[in-house]
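Here's a solo chain for you in structure tokens, the form predicted alone.
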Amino acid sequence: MRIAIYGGSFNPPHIGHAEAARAACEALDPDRFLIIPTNTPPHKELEENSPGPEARLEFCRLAFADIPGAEVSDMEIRREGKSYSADTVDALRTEYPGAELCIVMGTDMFLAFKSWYRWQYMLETCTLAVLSREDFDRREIEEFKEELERDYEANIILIPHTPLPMSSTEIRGKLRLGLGAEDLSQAVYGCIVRNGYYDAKPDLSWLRQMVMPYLNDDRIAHVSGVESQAVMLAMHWGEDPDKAAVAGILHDVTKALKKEKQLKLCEKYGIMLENAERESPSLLHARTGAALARDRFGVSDDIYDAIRWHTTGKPDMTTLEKIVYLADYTEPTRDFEGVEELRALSFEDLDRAMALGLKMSIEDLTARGKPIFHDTMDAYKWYNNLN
């Protein structure tokens, strides 16, 4: 019986890890292929903002789900203290006496193998399966392999492999900048963004792609327009353009849902509704959209609030909230009497623009015989009194 073991901190596991696992699995053809995330890595400290062991375990389940035969094991997560591979080998030898244990590693780890805890014991009891990088000095790899085979009767398999140009360290840095989605499986990236791990900001291209299934065809141009208008306003008024973009992309994420589904979302997220809100899906989508944006995409509180108030407005709004409200009203596809004046005023005086926008909204609702929600009236009174 051959058991392949691929361990690491996987902080986070990226597509390079998955590709390496696939190459090892194909070359070794093991009876069992164990992916084993560490609890506490023995050779390095995890960054302070890294997720805990259980979260990294879940990352691995998501990242390696498509590798045939791969099993994600929690044996090192359950074991307290530093995660030494030798201790894992001890446990597997007890559970599977007589099995061939193949330790999968990269070229860097192989060349540093003599620094491992109980490395001689590892050579005596395991086969080293080395993903041999072609860009390394082949002679150095071969000479070290021959040394270990000669001096310690080691069993070593070299697996020709060219790794993808990425590292978990670099990806963590990219995530903080709103980048890195392409380096991770969608499931892992979504989990990271949703939970705010690594202080990740959502990659805007990824977010646009994720939001598409929620939108009707006639809503796509509007959402794109709100994003671009919100970004321009944010840059003009000294607000974070990335936050404005995220709010713009997500502001209508539940707009297409019928009233029944809106109410189910309210129940799911514990949203308490007034009677007027229950009767108006156009009011509900701002509340359910904010809740879904937080749940599915991990938006921060200020983005949540900007989505929450983009339809009715409210008194004393933050700069980001005003920007999203006005971007929704004045994005480039909007074409109604007075929009050019409101669009221009948005870049001159946000509070005066809010007063005008709320006044226009109230007049439009009145002309169409629609009820005016009290938040809108309160907001109009607030901003009108400022001028």
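Owing to the predicted nature of the structure, the values given are computational and were not obtained by experimental measurement. Numbers for residues come from their place in the sequence shown, where the first is 1.
As for the form predicted together with a small molecule, it is not shown, yet the points below apply to it.
Visitor: To test your reading of this chain, name the stretch in 276 to 284, 165 to 173, 257 to 265, 124 to 132 whose heavy atoms come within 4.5 Å of the small molecule in the predicted complex.
Guide: Careful reading of the contacts points to 276 to 284.
Visitor: Would L365 show up as a contact with the small molecule in the predicted complex if we use heavy atoms at 4.5 Å?
Guide: The answer is yes: L365 has a heavy atom within 4.5 Å of the small molecule.
Visitor: Mark S9 yes when one of its heavy atoms lies within 4.5 Å of a heavy atom of the small molecule in the predicted complex, and no otherwise.
Guide: It does not: once the small molecule is placed as it appears in the predicted complex, S9 has no heavy atom within 4.5 Å of it.
Visitor: Taking 4.5 angstroms as the cut-off for heavy atoms, does S83 touch the small molecule in the predicted complex?
Guide: It does not: once the small molecule is placed as it appears in the predicted complex, S83 has no heavy atom within 4.5 Å of it.
Visitor: With a cut-off of 4.5 Å between heavy atoms, is D328 one of the residues that contacts the small molecule in the predicted complex?
Guide: D328 belongs to the contact set for the small molecule.
Visitor: Under a 4.5 angstroms heavy atom criterion, identify the one residue in H236, R219, R194, K314 near the small molecule in the predicted complex.
Guide: Of the candidates H236, R219, R194, K314, R219 is the one lying within 4.5 Å of the small molecule in the predicted complex.
Visitor: Which one, D183, D203, E76, D252, lies within 4.5 Å of the small molecule in the predicted complex by heavy atoms?
Guide: Flagged contact: D252.
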